[in-house]
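For this one, two forms of the same chain are given in structure tokens, first as structure 1 and then as structure 2.
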Structure 1
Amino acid sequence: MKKIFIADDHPIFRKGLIEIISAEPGFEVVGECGDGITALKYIAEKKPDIALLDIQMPKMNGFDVLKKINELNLPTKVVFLTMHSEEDIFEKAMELGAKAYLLKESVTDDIVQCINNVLQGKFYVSGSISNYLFTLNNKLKTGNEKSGLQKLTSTETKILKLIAEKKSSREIADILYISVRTVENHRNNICTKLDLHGANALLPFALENKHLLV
């Protein structure tokens, strides 16, 4: 009997998941919770075979839970279950060593199949992002380019985060105790690295990607 733990901040969604997994012979849902810290605590203690984690959770997000799991060398395999079909989030999940990446729009069969794959040591990825996987493979084969955000330095990331908080260059300068000109230079470098052009490009990008900024 394989032990499965579920963490998601939507009780109804959790209920549905539990229902699906419990119905499958060989699977047992050994626990559930709605936030990252409780999830980590449970996983560290009880060491389930698989943890189904939402990425967006209160207190501690799924990424950070996985990081901790890695640090503590826990045997639990992590399956991300998320609404985000964006490439960067998927990429980050893979970097951190997730065993699977499921979209919440998945049908019930996908989930069972996913868990079976992961238990066999395989990876599993939701069909909807397979398009992206194709391009990713191409990238890996051809030139191994880094994707956007990873090209940014730490200062640039810091500034991009402040931009995502709708701060002006002036405000950012005051917060970081540096010159406005320096901030403008960083903005410029960020735009260049991300291939962003025009006055209406950087701010929307920052807003759309703020959840990716470490």
Structure 2
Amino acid sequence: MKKIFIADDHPIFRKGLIEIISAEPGFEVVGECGDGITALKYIAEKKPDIALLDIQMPKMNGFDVLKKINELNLPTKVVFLTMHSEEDIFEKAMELGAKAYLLKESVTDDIVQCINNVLQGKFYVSGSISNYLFTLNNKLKTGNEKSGLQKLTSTETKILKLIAEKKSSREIADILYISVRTVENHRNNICTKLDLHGANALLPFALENKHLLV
């Protein structure tokens, strides 16, 4: 049985979700709550397969819960349930590592397929914003080509993303389990590939192109 946890501050909405999910073979709703702090505590202790989180919740919002899940390196995959179809909120969810973004208006029709996709390692977004996702992917591809980011290896891209988060070489080394010297070598290689010159050129570039480092 795949364990599903639900956090949303509307009890009636939670009840409806529980009924839909519990009716599906192989799914078990193992807990529910109405605020972010309680959600994080449960997820940290019980480690459900999937957490369905509302973005707007009392005490701690869904974004902050996902940040903590990432910091604690928990295995739970996060699906955001939201009323918001705005591009900036969607981009933030993807940047944080959400596995799905589901609008509440379509949750009745899409939730089962969404959960199945996420369990299979796929991403899922509501159909009403899928066109935006296509546009975003094209935008990122074009941005990568213009900035030269396509020249970087996956490790170099990770390091550049951490630089954009203002991590020091020592912090990056600890995060990636490599030596500081290796980080410095990567930094030099990145500067060479991107034709950046000067000791302080890398950070401004990383900050300017942070939205492309996904």
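Note that the rigid core is defined as the largest set of C-alphas that superpose within 1.5 Å between two forms. Computed from a predicted model, the values in this text were never measured in an experiment. For residue numbers, the reference is structure 1: its sequence is counted from 1.
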query: Between structure 1 and structure 2, the form predicted on its own; finding: 2
query: Rigid-core frame, C-alpha of F13, shift of 2 angstroms or more between the two structures; finding: no
query: Cα displacement of E184 between the two structures reaching 2 Å, rigid core superposed; finding: yes
query: Core superposition between the two structures, C-alpha change of C33 at least 2 Å; finding: no
query: Core-aligned Cα shift of I172 between the two structures, given in Å; finding: 35.9
